[in-house]
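The form predicted on its own is given below as one chain in structure tokens.
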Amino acid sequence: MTITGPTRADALLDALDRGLPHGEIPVGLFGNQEIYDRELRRLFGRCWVFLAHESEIEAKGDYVLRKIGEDSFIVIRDEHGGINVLFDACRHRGVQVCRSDSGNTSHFRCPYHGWTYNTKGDLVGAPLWRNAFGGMPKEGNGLTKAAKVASYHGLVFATLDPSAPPLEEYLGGMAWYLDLLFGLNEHGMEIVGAPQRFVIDANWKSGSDNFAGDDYHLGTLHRSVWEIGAFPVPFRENMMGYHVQAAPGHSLSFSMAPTEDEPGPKFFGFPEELVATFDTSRISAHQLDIARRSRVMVANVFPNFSILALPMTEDGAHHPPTGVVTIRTWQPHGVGQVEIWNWFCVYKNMTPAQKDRAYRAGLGTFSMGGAFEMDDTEPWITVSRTGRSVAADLLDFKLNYQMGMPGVGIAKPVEDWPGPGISYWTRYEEGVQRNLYRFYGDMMRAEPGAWPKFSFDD
């Protein structure tokens, strides 16, 4: 009989549990193959994962091909207007049936033997059916569906785990902050352009970690964007604001003016003409106040869906900064690679000129060739390299996440924060990332069917 003892992955998760209360994280989480394999099953195989925006599949038959973990899924609007998320594998031999990133169709036909499925994934036929399969029911032989699909402000999520809680319960307090940005008017948002996709040699967690609220890197890594006038708020002022642990695992950060009378961008730098159209009856007075005073909102919905809203320009000499909203996923692509998917969002009622300006400003800053993007991705590559390092393993190398802990730095808890979650002022703080890794550790150890808490109040 073979007895299996604790593995290296177990040891790393134990080290995470021991280290987090002291602000320490083992770097091996960013480079261990066993940890990565476990993430695919226990995080991406269970959590709600962002796949698409409804505006990408507005018409019946519209579809896009997306990923949960490393696996492809077809996100398609069926003939009755419903949204289906279908595993891209024929039930006959497992062959991929969708060969395009996006399009419009009434059916998918497997190229191997011709099994054909409708937009709900139902098997509708196959060549020479009577001779080959006569007497076999089509029911039960359709494309396999994700366990649950739900949409929030047009953001389409799916989970492979039938025991997963409803999406809004999973989002917990983060839903309040999504309302604050995506619910500013009754028109909602839409995607402009196709999503950008690019692969870098880094672990997927570096992106989630960064967008959970790593603002401290701005003054060093992104210093040049101030020098060229791409971003209008000076670094010291930009660090004034709040870090919020919205719910276990979900974190965000606001750069915010002390009062609404403070000069500088308001409503994330959106044009005043657009701001005048916001129907703020849809949100609370507290949400409105936060949105009005906010210069930047950066957030991560666990595990790998990030949001950024801020005033930017790709050409400070000719165009003033304008509000840009980018959403993105950090798609796992092996333990040492991440495929970044990057979309740009605009409010549907923006003028064509406003949409074009926001899109161009986003492309020049947060995109495959954008100044911010190239800044960020280079150090993430070396984080992944250190995570795979033999020396780091032998020397028990740990990463420091102590900023904002009691006695460390100037950040203090905010007792009267009006929104859900745990808040700190200023943004010199790393509790937002500790919140991410605490939930990460809980999910990595959770037994099938069991879930960590989704609220700090439980």
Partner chain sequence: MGRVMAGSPLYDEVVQWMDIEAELLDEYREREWLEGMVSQEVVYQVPLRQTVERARGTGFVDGVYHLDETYGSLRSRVARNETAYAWAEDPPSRIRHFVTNIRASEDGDAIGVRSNLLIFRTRQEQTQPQLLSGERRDVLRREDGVLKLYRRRVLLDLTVIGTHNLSIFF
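Quick caveat: nothing in here was measured; it's all calculated off a predicted structure. Positions refer to the first chain, counted from 1.
What comes next is about the form predicted together with its partner chain, which does not appear here.
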item: Partner-proximal stretch of 166-174, 291-299, 219-227, 112-120 relative to its partner chain in the model of the complex, 4.5 angstroms, heavy atom; value: 219-227
item: D161: touches its partner chain in the model of the complex, heavy atom cutoff 4.5 angstroms; value: no
item: F198 within 4.5 Å of its partner chain in the model of the complex, heavy atoms; value: yes
item: Touches its partner chain in the model of the complex: E314 (any heavy atom, 4.5 Å); value: yes
item: 4.5 Å heavy atom contact, I83 to its partner chain in the model of the complex; value: no
item: Position in contact with its partner chain when the complex is considered in the model of the complex, options R93, R130, H318, R236, heavy atoms within 4.5 Å; value: H318
item: Contact residue in the model of the complex, chosen from G103, G188, G142, G264 - any heavy atom within 4.5 Å of its partner chain; value: G103
item: All of L40, W48 and D393 with a heavy atom within 4.5 Å of its partner chain in the model of the complex; value: no
item: Any residue of 60-80 that, in the model of the complex, places a heavy atom within 4.5 Å of its partner chain; value: Y63
